[in-house]
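Okay, so here's just one chain, in structure tokens, the form predicted on its own.
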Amino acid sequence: MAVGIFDSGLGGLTVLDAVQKRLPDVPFVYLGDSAHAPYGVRTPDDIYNLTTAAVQRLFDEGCDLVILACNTASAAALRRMQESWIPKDKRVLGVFVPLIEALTERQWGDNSPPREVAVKHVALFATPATVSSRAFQRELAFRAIGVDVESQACGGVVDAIEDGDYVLAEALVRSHVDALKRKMPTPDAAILGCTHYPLMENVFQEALGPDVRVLSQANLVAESLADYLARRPEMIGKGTKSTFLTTGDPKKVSSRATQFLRRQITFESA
């Protein structure tokens, strides 16, 4: 009984860490496509093809449910996958859902007409591909009206984090926040729309100021997954052990992941 978690690289480890703490008895198979990271600068077709290949690998590992712990894949590939690719006995879920739930204070299954919500001005920090997809705005519009979303494509941040260069990552975050604030000086809330960004959450918060509510995904996804599995326990697949898989160099990725989570992580070749 295992649940798959997929990311283009190491960012999804922030989600994995949170869901393991929330669901300690569930085995998770993590697959990071480090050989092709980052996804945020790729074309939609590239992202779709890479994501389906990775998800199929997780299906082969005994996972009936896969979480796309990658906002770029969720934005650029998930809808197409759900419409034409995912087998009927499998499920693939993205990471926008818990953010929208938190922002609009309504459950995903609530299909009532969109309504006004407390938050009026939202800053979205994400990869270039996520921003260009406008997937967040589309999903938000189904549930809320009167919300102004200003997006900032945060080029370079994922690369810096994957390389372990947190000094550069912090400088880039501050630069991107400055650029966003020139377009939207006083946001009510900020969405960290990439699973790498929680590692820089304190920097985002400091740069945005104490009055801006910063929404990060890891804990929100963990709570959403726990609720989903409570309702759909049959979606815990037949896999029985936790595994870390990578398309990159296992030794290098293991070293980076160990720094990332501050505990020993050992990857195997996917």
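Quick caveat, the model's predicted, so the values are computed rather than measured. The first residue of the sequence shown is number 1, and the count goes up from there.
Unshown form predicted in complex with a small molecule; subsequent notes refer to it.
Not displayed here, the small molecule is approached by Cys194 to within 4.5 Å at the level of heavy atoms in the predicted bound form. The closest non-hydrogen atom of Phe204 lies beyond 4.5 Å of the small molecule in the predicted bound form. Contact check for Val158: a heavy atom falls within 4.5 Å of the small molecule in the predicted bound form.
For the small molecule in the predicted bound form, the listed stretch (219-227, 39-47, 53-61, 240-248) containing residues with heavy atoms inside 4.5 Å is 39-47.
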